[in-house]
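Presented below, as structure tokens, is a lone chain in the form predicted alone.
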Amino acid sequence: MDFRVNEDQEALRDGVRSFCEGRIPLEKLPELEEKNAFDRELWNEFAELGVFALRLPEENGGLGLGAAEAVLVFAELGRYLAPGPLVWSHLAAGRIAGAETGETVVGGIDLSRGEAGPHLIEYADNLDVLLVLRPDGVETLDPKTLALQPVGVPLDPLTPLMQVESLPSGERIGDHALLARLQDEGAALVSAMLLGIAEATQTLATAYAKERQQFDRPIGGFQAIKHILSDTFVRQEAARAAVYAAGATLDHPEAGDVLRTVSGAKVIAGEAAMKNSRACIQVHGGMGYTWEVPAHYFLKRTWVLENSFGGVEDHADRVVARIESKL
């Protein structure tokens, strides 16, 4: 099986990167934050770009692509910290009317482990439909019927939160098979976004190390900084290999163990994003801890994504259990 990116996939990735670079560069993050992180015009542009309909068949108005292409797209969205419930709306395309066109904004929450409330819902004020993953299947709820309370200061300023004490039963749209599929696909897409963060912070740290001068030379020439940057590069490459493998295996489950590959990607990409974000702040020195340097946005988004569709520790346990079952 060939895991290399072909020319069409490169063109797709470069097109999404060009769009994000022009539409949501790092300098605009404070502006998005002031808009409560959700811009309906930007959301519609994501839809026009094909972010949500990417994997729908062409006869259903989609692009007819696969998970291998989806992880490339979501890595770019992660690289630019694109706001909104992008993964949930992508998963809802073809299942919730209007999700693929951006007309219906779909968010979600994973309660498959039976967690007790209160529950935190991302972008709740902007949602038309809430997907709820239950231990026995998948339901939909109308978020406007919920007794939501705002969370004053969310961990990630670009991921606004609302709190609800409990969630009622909703309309059932799928069984445990759909639950498992959404969890695996969601974990792969979140892993791709974590890969994008690992890449972005590696690039940001390297660029700063080349321009920041101390003792009349760039700090990138110092041995200690070289070691930090080398480690960020190695983690980025390992994460890319794991995420690309997850996308390809979802498309071709006969090529490998989907559960193990997806969970492995979540663990490796999660670690890469977290350590690279911290390293980026460290390379920036005292300035790295200030609000003016965008490095903090990446670290905070990593904390949010690390716990989406199963935490890193949960996925590590799944990998161990899978290996043990083969012994």
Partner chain sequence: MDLRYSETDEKFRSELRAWLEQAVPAHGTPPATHDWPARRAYDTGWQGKLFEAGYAGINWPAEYGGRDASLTEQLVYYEEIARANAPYIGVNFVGMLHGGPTVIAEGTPEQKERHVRPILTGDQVWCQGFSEPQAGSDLAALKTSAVRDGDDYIVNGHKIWCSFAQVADYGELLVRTDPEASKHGGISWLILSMDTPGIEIRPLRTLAGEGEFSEVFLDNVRIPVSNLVGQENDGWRVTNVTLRFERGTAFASEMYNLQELLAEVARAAKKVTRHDASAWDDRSLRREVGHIQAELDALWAMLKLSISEAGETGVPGVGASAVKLYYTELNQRVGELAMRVLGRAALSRENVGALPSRHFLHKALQSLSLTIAAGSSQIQRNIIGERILGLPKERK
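Residue numbers count along the first chain shown, from 1. Because the structure is predicted, anything quoted here is derived from the model rather than measured.
Missing here is the form predicted together with the partner chain; even so, the following discussion is about that form.
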Of these, 49-57, 298-306, 29-37, 265-273, which stretch puts a heavy atom within 4.5 angstroms of the partner chain in the model of the complex?
265-273
Which one, Glu171, Glu254, Asp175, Asp142, lies within 4.5 Å of the partner chain in the model of the complex by heavy atoms?
Glu254
Option touching the partner chain, based on a heavy atom within 4.5 Å in the model of the complex, out of Ala248, Val164, Ala93, Val129:
Ala248
Just to confirm, Glu103 within 4.5 Å of the partner chain in the model of the complex by heavy atoms?
no
Gln149 near the partner chain in the model of the complex, any heavy atom under 4.5 Å?
no
When the contact criterion is heavy atoms within 4.5 Å, does Leu65 count as touching the partner chain in the model of the complex?
no
For Leu155, is any heavy atom within 4.5 Å of the partner chain in the model of the complex, or not?
no
When you measure heavy atoms, are Phe233, Ala316 and Val320 every one within 4.5 angstroms of the partner chain in the model of the complex?
yes
Looking in the model of the complex, the residues of 210-225 with a heavy atom no more than 4.5 Å from the partner chain, listed in order, are Lys210, Pro218, Gly220, Gly221, Gln223
